[in-house]
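Heads up, the chain below is alone and in the form predicted alone; it's given as structure tokens.
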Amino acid sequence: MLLPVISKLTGVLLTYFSIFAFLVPACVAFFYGEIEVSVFLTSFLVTFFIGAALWFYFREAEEFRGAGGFLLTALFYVGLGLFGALPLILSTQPGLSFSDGVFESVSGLTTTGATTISGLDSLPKSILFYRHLLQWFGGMGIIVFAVAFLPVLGVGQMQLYHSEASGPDRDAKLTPRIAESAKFLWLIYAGLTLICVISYFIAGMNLFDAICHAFSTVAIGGFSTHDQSFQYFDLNSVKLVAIFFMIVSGINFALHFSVLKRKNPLLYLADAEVRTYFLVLLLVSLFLVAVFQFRQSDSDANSVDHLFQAVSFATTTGFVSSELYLWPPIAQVVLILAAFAGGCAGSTAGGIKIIRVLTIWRQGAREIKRLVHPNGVFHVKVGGQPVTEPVLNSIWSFVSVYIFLFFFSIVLIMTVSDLDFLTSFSAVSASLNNLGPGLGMVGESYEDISAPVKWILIINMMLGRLELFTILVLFTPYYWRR
């Protein structure tokens, strides 16, 4: 049976999660003398004992063989979303409802960055730290972390890694052993975070803000410790640091590994996906500059803000450094649309991923050539290598389902609520692309939308983070016949 072993491993993962996610913020609360110490200890005890009970009850279950990787990943994200909401619900600040707590928790774990909380500046430090810690764990991937550092998972690690990895080529490994590959990815991720903390601190942030924003920057999450996000700091030095690390975090971490291993930064420019990624960032930035040249706006945004917002939205980070509602409507819409492409595969960014966009573009060019030369044989090539038909089919399948779910969610939200099209469109875009900020009623916060809409967006956030099929496969009869 599949469920007993999945339940056992879910219990194991929840047990470890309770230690890392709740005890560290409890220490932060103790350091600042906050009463939230009891909140995090209560959350730890509840999660730890439920996880331990699951492990103990199903301890005799058969070994995990990998077929349940999709189910385990989906259940673990659902479990973390529910248990991760405990501190946010139990604490008097922010004292969220069940729906809001789960929304905030899932938004953190999926690195979406959408929030239902207002008054961030007055929240306890431990709660602020906890929100960013959730994003940091979700950035590189909690399952990838488990594969790297929890040998208790045993066999089936490749299936688990595959279920959470992003991009069309999920089977790529840095080393022959998948656990070692996952460990290298997390070490690079942690090292980049540390450098980001130091850079923010030097640029003008205090140490607490530097740590929290480094967590959400490298994770491409978008949470901030202030309601004004990066507008609060009003320092170009801080914004430039953020721009640099958002760009770096949007690049495939496997490529970072290759550059470090071979000590050759030119490998970045040799990669077709990275070149396209840079081109997208450049075009969005230039478009915003052009818009502000020819359109009047009440915003006081400068050229650094234009670049900052282009990079923030195109990488699906979601930081804000200016009053976007004062920007020309065309600029706002282009920023939302830029998030659909997202970052590179294998990065912490959301969206469809640049490699898929590039491949579809190349395939479109091939079809035009076929119209001119019907008998010609043309290959779709990326980086000088031909893309196989199975990969092309998988990319088209992904994009087709992505578009269908996107419009289905919009229709569903407008059916169960009175939200206008712009708000619904941007809310689904921000959730499915793991972006965070939207337009209309969700331009600053998701606090005022109804609970049914929040649950639709929660599902979209999880679908976007796990790239659709990890969850959708569970609803097919073929999966359960295995």
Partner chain sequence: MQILILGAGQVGGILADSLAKERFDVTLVDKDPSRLKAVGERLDIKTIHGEASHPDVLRRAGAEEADILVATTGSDEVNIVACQVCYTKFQTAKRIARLRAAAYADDNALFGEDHVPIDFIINPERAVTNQVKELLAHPGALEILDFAQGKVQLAAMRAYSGGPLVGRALRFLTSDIPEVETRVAAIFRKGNAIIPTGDTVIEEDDEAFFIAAREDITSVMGELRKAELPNKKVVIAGGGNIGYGLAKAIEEDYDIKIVERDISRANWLEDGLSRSIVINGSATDRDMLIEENIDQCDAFCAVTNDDDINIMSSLMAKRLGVKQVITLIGKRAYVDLMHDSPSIDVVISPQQVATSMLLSHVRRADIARVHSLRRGAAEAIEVVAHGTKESSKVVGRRICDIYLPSGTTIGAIVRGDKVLIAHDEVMVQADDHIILFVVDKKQITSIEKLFQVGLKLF
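In this text the structure is predicted, and so the values were computed from the model without any measurement. Residue numbers count along the first chain shown, from 1.
A second form of this protein, the form predicted together with the partner chain, is not displayed here; the remarks below concern that form.
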item: Candidate from P265, G119, G364, P386 lying within 4.5 Å of the partner chain in the predicted bound form - any heavy atom; value: P386
item: Location of the partner chain contact in the predicted bound form, chosen stretch of 211-219, 256-264, 84-92, 378-386 [non-hydrogen atom, 4.5 Å]; value: 378-386
item: P390, heavy atom within 4.5 angstroms of the partner chain in the predicted bound form; value: no
item: Residues within stretch 324-363 having a non-hydrogen atom within 4.5 Å of the partner chain in the predicted bound form; value: none
